[in-house]
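Only one chain is included here, represented as structure tokens and corresponding to the form predicted alone.
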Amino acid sequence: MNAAVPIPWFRTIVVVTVVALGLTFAFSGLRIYVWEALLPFFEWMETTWFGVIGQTWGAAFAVVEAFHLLAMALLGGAVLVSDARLLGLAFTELPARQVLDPAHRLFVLALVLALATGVFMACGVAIKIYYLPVFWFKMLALATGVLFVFFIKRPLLHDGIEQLNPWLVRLVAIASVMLWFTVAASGRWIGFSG
């Protein structure tokens, strides 16, 4: 028998390690040097076509922001549908695969759209968000959420939830809802910040 770590646990260990390193970095003095080194990149972002359009044409920025919010609503809906099924709160009459697979496809589509529109919006207000601590919290939460979905949740549930401990399935669903709520709340907080 191979003594190597099973693949799902290996992915979990990698994600936990990456998040731990990210948090260690965030609370160390090294982040100040990296943060200062990123300023030229954010200044450059405002000079790109996206940045100029976002700064000069308010209507274009508003339309892209509307699509961003729609993408976030789709993403949140996909998370809530799949996690409600995992918690046994909704769609229990359907097999888990019939709910989880379409919800994951919708999640991926919404994530791509949210990232694309988010980059456009960030270019328009790059210097502003550079100085907002909540922007960095959102990026950390977003990265954690994406890593969680693709390296923990999806691989763990790949073979079906029937052979997994029901408490583990519920724990995964609760963690997922908490992560994506944090992403949404920090994103909304950016909207209320300066």
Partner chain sequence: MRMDNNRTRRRDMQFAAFAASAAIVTFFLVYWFIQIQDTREMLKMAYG
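Keep in mind it's a predicted model, so treat the numbers as computed, not measured. Positions refer to the first chain, counted from 1. For the two forms, the rigid core is made up of the largest set of C-alpha atoms that agree within 1.5 Å on superposition.
What comes next is about the form predicted together with its partner chain, which is not displayed.
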{"query": "Non-hydrogen atom contact residue 39 with its partner chain in the model of the complex at 4.5 angstroms", "finding": "no"}
{"query": "Heavy atom of residue 62 within 4.5 Å of its partner chain in the model of the complex", "finding": "no"}
{"query": "Interface membership of residue 129, its partner chain in the model of the complex, 4.5 Å heavy atom rule", "finding": "no"}
{"query": "Non-hydrogen atom contact residue 168 with its partner chain in the model of the complex at 4.5 angstroms", "finding": "yes"}
{"query": "Triple contact flag 137, 155 and 182 to its partner chain in the model of the complex, non-hydrogen atom at 4.5 angstroms", "finding": "yes"}
{"query": "Partner-proximal stretch of 30-38, 121-129, 140-148, 43-51 relative to its partner chain in the model of the complex, 4.5 angstroms, heavy atom", "finding": "140-148"}
{"query": "Exceeds or equals 2 Å, Cα of residue 177 between this form and the one not shown, core fit", "finding": "no"}
